[in-house]
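Here we start with a single chain on its own, the form predicted alone, put down as structure tokens.
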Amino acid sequence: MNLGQVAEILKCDVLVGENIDGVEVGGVCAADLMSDVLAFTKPGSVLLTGLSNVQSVITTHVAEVVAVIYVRGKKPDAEALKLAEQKGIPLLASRLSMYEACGRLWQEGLGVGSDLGGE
């Protein structure tokens, strides 16, 4: 599945990023604790989070996550937007809860993007 399809499923606004249809998504990880993202997320996944500061972008870069989708209507701060643009990391925003966003992606066939998965 590509990021454009994910954005459509979750009714996302694209905040940073061009050609999101060209970004392949290998799975989904949902967390607000960036230490969990670093410990358990598989590279190539998309991150769903409510943490909207620059730390979410730094963690995404280190963990080799392909994009961040902010849930619950959260929007990243200016520092996060600027760093994402510099690093080429797509940032999207959805009004859905984390639970509902995960459920919709699972229903559409996107698998678990962490080493804790139950696939």
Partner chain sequence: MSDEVLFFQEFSITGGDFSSAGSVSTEIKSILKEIGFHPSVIRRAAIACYEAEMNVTMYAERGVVRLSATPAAIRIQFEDEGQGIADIELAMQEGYSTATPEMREIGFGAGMGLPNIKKNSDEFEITSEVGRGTKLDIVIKA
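Remember, predicted model here, so these are calculated numbers, not experimental data. Positions refer to the first chain, counted from 1.
Below: the form predicted in complex with its partner chain, not depicted.
query = What is the one choice in Leu81, Val66, Ala63, Ala93 with a heavy atom within 4.5 Å of its partner chain in the predicted complex?
reply = Contact residue from the list: Ala63.
ask   = its partner chain in the predicted complex: within 4.5 Å of a heavy atom of each of Leu38, Asn53 and Lys87?
value = Judged in the predicted complex, Leu38, Asn53 and Lys87 all sit within 4.5 Å of its partner chain.
request  = Indicate whether Lys74 is a 4.5 Å heavy atom neighbour of its partner chain in the predicted complex.
outcome  = Looking in the predicted complex, residue contacts with its partner chain do not include Lys74, since no heavy atom lies within 4.5 Å.
request  = Indicate whether Gly26 is a 4.5 Å heavy atom neighbour of its partner chain in the predicted complex.
outcome  = The answer is no: Gly26 has no heavy atom within 4.5 Å of its partner chain.
query = Quick one: which residues from 88-109 get a non-hydrogen atom within 4.5 Å of its partner chain in the predicted complex?
reply = Read in sequence order, no residue approaches its partner chain (within 4.5 Å, in the predicted complex).
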